[in-house]
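Next up: a single chain in structure tokens, the form predicted alone.
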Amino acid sequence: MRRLLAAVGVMLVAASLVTACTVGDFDGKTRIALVMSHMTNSFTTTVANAAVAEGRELGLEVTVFDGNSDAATQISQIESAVAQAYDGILVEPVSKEGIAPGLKAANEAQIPIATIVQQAEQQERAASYIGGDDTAAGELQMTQVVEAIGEQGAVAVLYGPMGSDGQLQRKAGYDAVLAEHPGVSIVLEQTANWDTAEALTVTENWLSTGTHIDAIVAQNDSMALGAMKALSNAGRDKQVHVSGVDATDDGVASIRDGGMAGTVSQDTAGIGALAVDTMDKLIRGEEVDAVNYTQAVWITIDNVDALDSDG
């Protein structure tokens, strides 16, 4: 029976490694598990690639796990990292509530765990948060949109997954700005789950209703690009102000090509690098700040050349 259990254990570990995007071979280095919510857009891949690169600079092994936008998968990956005795865990929660069992498992094993990009509902169980200030990013984006449409008009909003930390905080920023500008109203709003194709479909449906829209405010660049595609297909891409958040490579390219009007850079690559730096300090027993924000900057055709290509 013991041999059977051992064999099953080996198979489970092997299976978990197959699902991970392993960078380099494990050679006894300090290991960090980077558990991403998904790896389907340039924002998440930029964060992950920067984290892996920073790990190499520091002599650490950073292994990236793709949570496939599923909380159960993400919890399983965190628990697997705990079972495999990783030295530290960085997690971008799929949802605020979704990773509570994973945080508990890491705490009980005394493995440092920190959240990135999005905070958890049980954030006190994490040693630190590394990412942008999403409320500030939302305020900056909506402030620029209101100014661009002359403080009067109709706005449509594409949200991330409803209830996710990024969705809630960026919306809080929007609401704060709109409360000061009663001439601007949200006439349409719907989630497109950070996804370009879904945003394309949502925007096509909006256009089919005939509702007047002055601006489409997308909570990330991927959705803004989907909106741009729908507007272009309808011959209205020059009539609607479209903006996003994250300053991804694709978003920046759209701005350069005269598509998106603007995006909020939160130093995407910087989040990945800072996350690994912070986890390295935690593993070595150093104190770190509970919250580590990167800076939000509004990017348009006027200053896009000053932006690093990695956002």
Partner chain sequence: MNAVIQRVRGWSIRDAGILLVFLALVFGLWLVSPGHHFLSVNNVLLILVQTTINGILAMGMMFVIISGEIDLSVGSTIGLAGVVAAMLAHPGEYPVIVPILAALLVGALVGLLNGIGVAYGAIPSFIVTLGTMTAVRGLALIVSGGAPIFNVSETFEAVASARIGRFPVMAIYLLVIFLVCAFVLRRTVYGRRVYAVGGNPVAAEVSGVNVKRSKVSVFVIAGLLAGFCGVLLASRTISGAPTAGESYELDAIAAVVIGGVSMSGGRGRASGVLIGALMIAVIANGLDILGIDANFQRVVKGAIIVTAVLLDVKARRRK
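None of the values given here were measured: they were computed from a predicted structure. Residue numbers count along the first chain shown, from 1. For clarity, a rigid core is taken as the largest C-alpha set superposing within 1.5 Å between two forms.
This protein has a second form, the form predicted together with the partner chain, left out of what is shown; the following refers to that one.
Novice: Within 4.5 Å of the partner chain in the predicted bound form, heavy atoms considered, which of 136, 178, 154, 197?
Specialist: Contact check passes for 197.
Novice: Within 4.5 Å of the partner chain in the predicted bound form, heavy atoms considered, which of 190, 107, 143, 123?
Specialist: Contact check passes for 190.
Novice: 247 to 255, 52 to 60, 281 to 289, 29 to 37: which one contacts the partner chain in the predicted bound form at 4.5 Å, heavy atom to heavy atom?
Specialist: Only one stretch passes the 4.5 Å heavy-atom test: 247 to 255.
Novice: Is residue 84 close enough to the partner chain in the predicted bound form to count, meaning some heavy atom within 4.5 Å?
Specialist: Because no heavy atom of residue 84 falls inside 4.5 Å of the partner chain in the predicted bound form, the answer is no.
Novice: Any chance residue 185 has a heavy atom within 4.5 Å of the partner chain in the predicted bound form?
Specialist: Although the partner chain is absent here, residue 185 would stay clear of it in the predicted bound form, with no heavy atoms inside 4.5 Å.
Novice: Answer for residue 202 alone: is it within 4.5 Å of the partner chain in the predicted bound form, judged on heavy atom distances?
Specialist: Close contact exists here: in the predicted bound form, residue 202 approaches the partner chain to within 4.5 Å, heavy atoms only.
Novice: Since only the chain is shown here, I'm wondering whether residue 239 would be in contact with the partner chain in the predicted bound form (any heavy atom pair within 4.5 Å).
Specialist: Looking in the predicted bound form, residue contacts with the partner chain do not include residue 239, since no heavy atom lies within 4.5 Å.
Novice: Are there residues in 35 to 67 with a heavy atom within 4.5 Å of the partner chain in the predicted bound form, and which are they, in order?
Specialist: In sequence order, 39, 40, 41, 42, 45 come within 4.5 Å of the partner.
Novice: By the 2 angstroms cut-off, has the C-alpha of residue 75 moved between the shown form and the other one once the rigid core is superposed?
Specialist: Result for residue 75: no, shift under 2 Å.
Novice: Honestly, after the rigid core fit, is residue 101 moving at least 2 Å at Cα between the shown form and the other one?
Specialist: After core superposition, the displacement of the residue 101 C-alpha between the shown form and the other one stays below 2 Å, so no.
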